[in-house]
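There is one chain below, alone, in structure tokens, taken in the form predicted on its own.
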Amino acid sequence: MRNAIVEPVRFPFDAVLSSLTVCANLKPSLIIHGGAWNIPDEAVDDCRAGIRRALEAGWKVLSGAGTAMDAIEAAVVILEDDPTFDAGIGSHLNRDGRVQLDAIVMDGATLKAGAVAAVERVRNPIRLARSILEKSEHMMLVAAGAEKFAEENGVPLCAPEELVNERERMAWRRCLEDSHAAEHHVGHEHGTVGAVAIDRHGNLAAGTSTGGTCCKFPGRVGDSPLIGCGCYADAEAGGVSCTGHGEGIMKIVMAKMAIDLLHDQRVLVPHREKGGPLSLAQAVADACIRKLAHRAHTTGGLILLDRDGLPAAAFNTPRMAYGYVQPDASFRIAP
């Protein structure tokens, strides 16, 4: 396992904080990510373009008085359909050369989630996750059972081969010939996509979707579809979507950790002592990534919105693909 970079990397969100605090009414807010990983220089433009398209799709919903849940679905579907990212088409192949997808959505008002894992015939698992949230008494369905639910509830199925990207098929073959190695996968060591949104009515929702790790054991499920690990939303605090090494994120239950810390002003103390950011949201994001490095000894990232719509992001990988909508409705995109 690679050595973790201890200090998290982040954008300067303080300007966003000052803009938001002068607003009398809550404005819609949206932040998305396309994974924290070693994004090579030649992939940066594709990542930025994908993030922009996803922001446009989500923001079109929110600016048109749509719901937060509609917005995160719209944004994540764009990323699932973009082979640049490790979700939907473009996902890593497992050890058997098949794509198995995981996803989750969560409603901050009710604390109900809908999650799906290890599906092979669903092009957009985020849509299936939402269907489970809205139509099922359960919160997670997996594999053949999840696909049966999709078939019975109007979520289209596809042939498994439709999810296989030729780039990833070639990478899988190289792994078979020369043992598994991350460099065969264009830097996608740990990739995931996600979104968090608040609509003009104050409704908050979060979602995460992934193809998992390259050459994973069939049936492996990481953090992404697990409530509190890869995603969490609570209208009383905020919403989070995580990305990175799934087993490490599960160890510290990182999404729920972030939500809990949003209730604790003490998180700000070390930042104020160092003259750091005064945003509680950013202090929380930083603290979670430090904990991931210190206790799980691995890498990853997260995005979040606090309950007032203030965005924050942090990561300890070389780069993370993400973006958010600024108070003037312009987009801020990284890397």
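The structure displayed is predicted, hence computed values, not measured ones. Note that residue numbering begins at 1 and tracks the sequence as displayed.
We do not show the form predicted together with a small molecule, though everything after this point is about it.
Proximity of E80 to the small molecule in the predicted complex falls outside the 4.5 Å heavy atom cutoff.
Heavy atoms of H245 reach within 4.5 Å of the small molecule in the predicted complex, making it an interface residue. Using a 4.5 angstroms threshold between heavy atoms, T84 stays clear of the small molecule in the predicted complex.
In the predicted complex, the small molecule sits within 4.5 Å of a heavy atom of R220. Stretch-level contact analysis of 168-176, 117-125, 237-245, 140-148 against the small molecule in the predicted complex, using heavy atoms and a 4.5 Å limit, identifies 237-245.
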